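Just one chain is shown here, as structure tokens, and it is the form predicted alone.
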Amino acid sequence: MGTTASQLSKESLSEYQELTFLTKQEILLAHKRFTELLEKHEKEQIDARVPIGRIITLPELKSNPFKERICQVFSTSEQKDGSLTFEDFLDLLSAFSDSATLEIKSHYAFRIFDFDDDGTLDCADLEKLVNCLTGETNDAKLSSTEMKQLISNILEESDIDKDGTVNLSEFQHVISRSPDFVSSFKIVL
């Protein structure tokens, strides 16, 4: 369903509304913001891609500690470079919208936190997650002992089958007990 970046047909708009959790106005605003990220020569290309370096300059992503990982998860680029097409960008905004379900939000949160893309959150993923959340500066960084204890506590609470990792269903179980998750897992343009 490619469309040139400079125009959005009524048919495309209707189809995007059907396929996402976004309103017509949100899709039009997303299209405007996406088009602004394109170079002049890219604006007439069908399925133009915006490089990750430009996507993460959006004010809504700039301060998010997971901005690069978010782009990687939503990118359909065969080069795995985190670049986004307009449809990738809509998928990202849809998953982070107020209207997205807990199941959708928790699924994408899990994928974002699964840094090695192996389908589980292991100790290495959890350590990266904690470092992203606390900042990796020396004054904020946890000691090795503190990190091991924190990961042990996370696994004790989350790892229901005691295999040393957190799978998607275990993650969703934990998230279902976090009332703030749905309201805090959002990006609004």
Partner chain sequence: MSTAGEQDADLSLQEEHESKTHRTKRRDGDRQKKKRRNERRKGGTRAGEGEEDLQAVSEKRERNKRKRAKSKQETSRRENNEEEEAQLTGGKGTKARKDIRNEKTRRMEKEEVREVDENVDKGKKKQGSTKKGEKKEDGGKQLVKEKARDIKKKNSEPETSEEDDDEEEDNDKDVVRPECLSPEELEKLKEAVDERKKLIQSLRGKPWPMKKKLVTLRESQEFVEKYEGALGKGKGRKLYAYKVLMTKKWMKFQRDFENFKTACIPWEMKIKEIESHFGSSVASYFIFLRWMYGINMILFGLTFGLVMVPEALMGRPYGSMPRKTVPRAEEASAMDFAVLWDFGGYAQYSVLFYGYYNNQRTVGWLKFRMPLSYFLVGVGTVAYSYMVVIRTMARNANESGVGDDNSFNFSWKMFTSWDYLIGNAETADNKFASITTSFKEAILEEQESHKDDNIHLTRFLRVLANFLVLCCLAGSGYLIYFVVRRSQKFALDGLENHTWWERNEVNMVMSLLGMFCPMLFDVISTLENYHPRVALQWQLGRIFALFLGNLYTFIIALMDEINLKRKEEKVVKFNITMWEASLYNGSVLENSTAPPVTIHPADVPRGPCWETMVGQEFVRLIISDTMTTYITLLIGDFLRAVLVRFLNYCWCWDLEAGFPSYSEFDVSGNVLGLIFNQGMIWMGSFYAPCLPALNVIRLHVSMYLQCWAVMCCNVPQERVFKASGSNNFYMAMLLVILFLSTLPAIYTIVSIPPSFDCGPFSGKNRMFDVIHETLESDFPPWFSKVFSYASNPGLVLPFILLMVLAIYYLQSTSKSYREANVELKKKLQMVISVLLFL
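Quick caveat, the model's predicted, so the values are computed rather than measured. Positions refer to the first chain, counted from 1.
As for the form predicted in complex with its partner chain, it is not shown, yet the points below apply to it.
### Query
Is there any non-hydrogen atom of residue 59 lying within 4.5 Å of its partner chain in the predicted complex?
Result yes; residue 59 sits at the interface with its partner chain in the predicted complex.
### Message
Considering non-hydrogen atoms and a 4.5 Å limit, does its partner chain approach residue 39 in the predicted complex?
### Response
No.
### Query
Should residue 133 be counted as a contact of its partner chain in the predicted complex, where contact means heavy atoms within 4.5 Å?
Yes, contact at 4.5 Å.
### Task
Answer for residue 121 alone: is it within 4.5 Å of its partner chain in the predicted complex, judged on heavy atom distances?
Yes, residue 121 lies within 4.5 Å of its partner chain in the predicted complex.
### Task
May I ask you to list the residues of 80-99 that have any heavy atom within 4.5 angstroms of its partner chain in the predicted complex, in sequence order?
Those in contact are 87, 90, 91, 96.
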